[in-house]
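Each of the two blocks below gives one form of the same protein chain as structure tokens; they are labelled structure 1 and structure 2.
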Structure 1
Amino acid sequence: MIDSTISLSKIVKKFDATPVLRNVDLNIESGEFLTLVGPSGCGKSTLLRIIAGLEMQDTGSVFIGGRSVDHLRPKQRDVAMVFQSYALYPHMTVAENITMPLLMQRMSFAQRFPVMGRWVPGSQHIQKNIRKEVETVAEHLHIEKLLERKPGQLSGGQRQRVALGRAMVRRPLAFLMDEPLSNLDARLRVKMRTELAELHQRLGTTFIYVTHDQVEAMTMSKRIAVMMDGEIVQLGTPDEVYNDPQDIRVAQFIGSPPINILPGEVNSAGNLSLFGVECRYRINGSNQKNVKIGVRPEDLQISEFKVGLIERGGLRGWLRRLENLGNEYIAHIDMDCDDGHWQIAVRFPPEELNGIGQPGAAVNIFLNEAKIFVFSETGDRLSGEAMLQSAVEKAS
């Protein structure tokens, strides 16, 4: 089996005096689908270009298939880059665009020469084999009926498939994709996400995918590397990154609607409180007093306001806006406390809508302590555990 592992060791890159990548270490398994995800400017595209050889790192090493490729030019690294802009030749047909890498790879200059090249020994045999391979790739991507069209006659999704076909036909060790779906409309992006994931399963080749879209990262990847400020702050499966964020920046970036971040306090016994209401949650071995509590919208419960529920651990808020998404609702809640004004989001199913009321109505909010994350003021995750029944359980 061909070794297509990719390893990065202490990659550092600066543009002038501005650091872009800071000692990045990353190991990607052979045949893995890994996504680099993060906000614009975090260094993910630069890292991909360094793997491809389109940028050179200041220090550190890149290994592909177990060997250092720092000294190799891009075309010698046996990786295929798929760009956001497709980068197709507008004057060539689809077939010619897909064929081009193989012509450059397998035919001499004389064999590629217009008209006369076909009479150079061996050229017709090579071209026949190339045509078969292009047709096979086109069938894989369902563009076999488009081979005689030019890029200007294609939709965005069709052009993206052609760009993938041009990369596939080379049979590279790895595919490097730099936000390839960002130019497509929302509906087509959903379709292409599925097609890319299925393509990876069929090919079994290493995929490294760059995106700022967390949904793309969560739905396609085996693992996600979350990048912030030139560093990988967390590496793990989609479930691990979503359900066990180790940094407040990861918690805030992954998830839609975003996680709610609220002010908390820890007393001398390690017990946590939110807005002056004690939570059934204890922090382990920390001397932090002021902390930040993260709770995802689906881990809050909302109900019609009743004074008695405050005594049972409920919080009071006011409904600001209600979003109807069909299969679920998102309630946007205003909360006031001594520290100021806070806004939170609560996700809940339609069957829990009864009694919520109209915008401006008071509501009770309950926290599921078993699902909260507690972070220090610097953003590091703090260890803790829920105690006894959660407020949600006591309210039910």
Structure 2
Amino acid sequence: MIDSTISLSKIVKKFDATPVLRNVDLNIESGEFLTLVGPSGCGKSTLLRIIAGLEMQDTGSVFIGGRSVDHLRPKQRDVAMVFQSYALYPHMTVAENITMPLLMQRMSFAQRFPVMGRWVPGSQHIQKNIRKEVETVAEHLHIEKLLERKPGQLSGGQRQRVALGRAMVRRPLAFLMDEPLSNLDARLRVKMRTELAELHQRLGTTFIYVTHDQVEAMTMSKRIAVMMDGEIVQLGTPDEVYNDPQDIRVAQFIGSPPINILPGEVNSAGNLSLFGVECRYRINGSNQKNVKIGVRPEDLQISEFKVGLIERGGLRGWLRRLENLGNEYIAHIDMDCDDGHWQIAVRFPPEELNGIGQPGAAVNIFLNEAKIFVFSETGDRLSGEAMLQSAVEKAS
């Protein structure tokens, strides 16, 4: 089996004095589909370009297939890249676009010389083989009918396939994809997501897939690297990233609607309280006083306001707006407390609607302590545990 691992070791990159990548370490296994996700401007493209050799890192090393490639030019690194803009050669037909990498790889300068090259020994034979391979790739991608068109005459989805074809035809060790689907419409994007995943399965090569879209990240790969401000803040399965975020930025970035962040207080015994209501949750060995509590919209429970419920640990809020998404509802709730105004979102199935719906009406909110994340003021995850049964179970 060919070694197509990619390792990054302590990559640092500055543009002028602005640090864009701070000490990035990353190991990608042979044949893995790794998604690199993060907000715009966090340095994803820069990292990909450094792997491809289009940009030089300031310090640190890149290893592809076990060997250091820092001294190699882009074409020698044996990786292919798919650009967000597709970057097709606009003056060439689809066939010529896909042919280009093979042409440059297999033909000598004399053989590929325009017009005259065809009389150089061997060039005809190579040309014929290349043509065959290009046609095979085109068939795989269902673009064999478009081979003689120019990129300007293609739709976004077709251009995307041509860009893929140009990357595939070389059979590279790894594919680097920089937001390849972001220029497509929503429906096509979903379709291409599946196709790319299937392509990865068929080729079995390493894919690094960059996106700022957390849904893409969650659905496409087994492992996600979440990047923030030039650092990889968490690397794990979609499940780990969603259900066990190690940094408040990860928690806030992944999930839609975004996670609710609420102000919590910890007393000297380590007990957590929210809006002055004590929660059944204890922080382990931390001297933090003020903390941030993260709770996903689906981990809150909502019910019609009843005075009795407040005594049993419920919080009071007012319904601002209710969104019906068909299979679920999103309720936006205003919470008022001593230290200001908070807005939270609650996600629940239609069965739990139970008379909620009048904007301005008071509601009770229950926290599922087993599902909350507590972060320090600086955003680091604090360990802790829920105690006894949760308030939600008690209420129901």
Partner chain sequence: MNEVSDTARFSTMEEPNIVEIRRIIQKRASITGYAFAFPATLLLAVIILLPIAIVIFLSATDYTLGALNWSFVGLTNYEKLLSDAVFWRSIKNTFLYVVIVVPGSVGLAFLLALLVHERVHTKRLYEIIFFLPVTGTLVAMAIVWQFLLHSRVGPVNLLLLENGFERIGFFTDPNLAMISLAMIGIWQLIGFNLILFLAGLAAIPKDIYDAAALDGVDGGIDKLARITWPLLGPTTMFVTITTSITAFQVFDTVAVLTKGGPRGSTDVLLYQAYLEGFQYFEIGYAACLTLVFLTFILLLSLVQVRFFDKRVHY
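Along the sequence of structure 1, residues get numbers from 1 upward. Here the rigid core means the biggest group of C-alpha atoms that line up within 1.5 Å when the two forms are laid on top of each other. Note that this is a predicted model, so its numbers are computed, not measured.
- The form predicted on its own corresponds to structure 1; structure 2 is the other form.
- Superposed on the core, the two forms barely differ at residue 215: its CA moves less than 2 Å between structure 1 and structure 2.
- Residue 72: CA moves less than 2 Å between structure 1 and structure 2 after rigid-core fitting.
- Annotation for residue 325: C-alpha shift under 2 angstroms between structure 1 and structure 2, rigid core superposed.
- Superposing the two forms on their core, we find that the Cα atom of residue 95 is displaced by 2.7 Å between structure 1 and structure 2.
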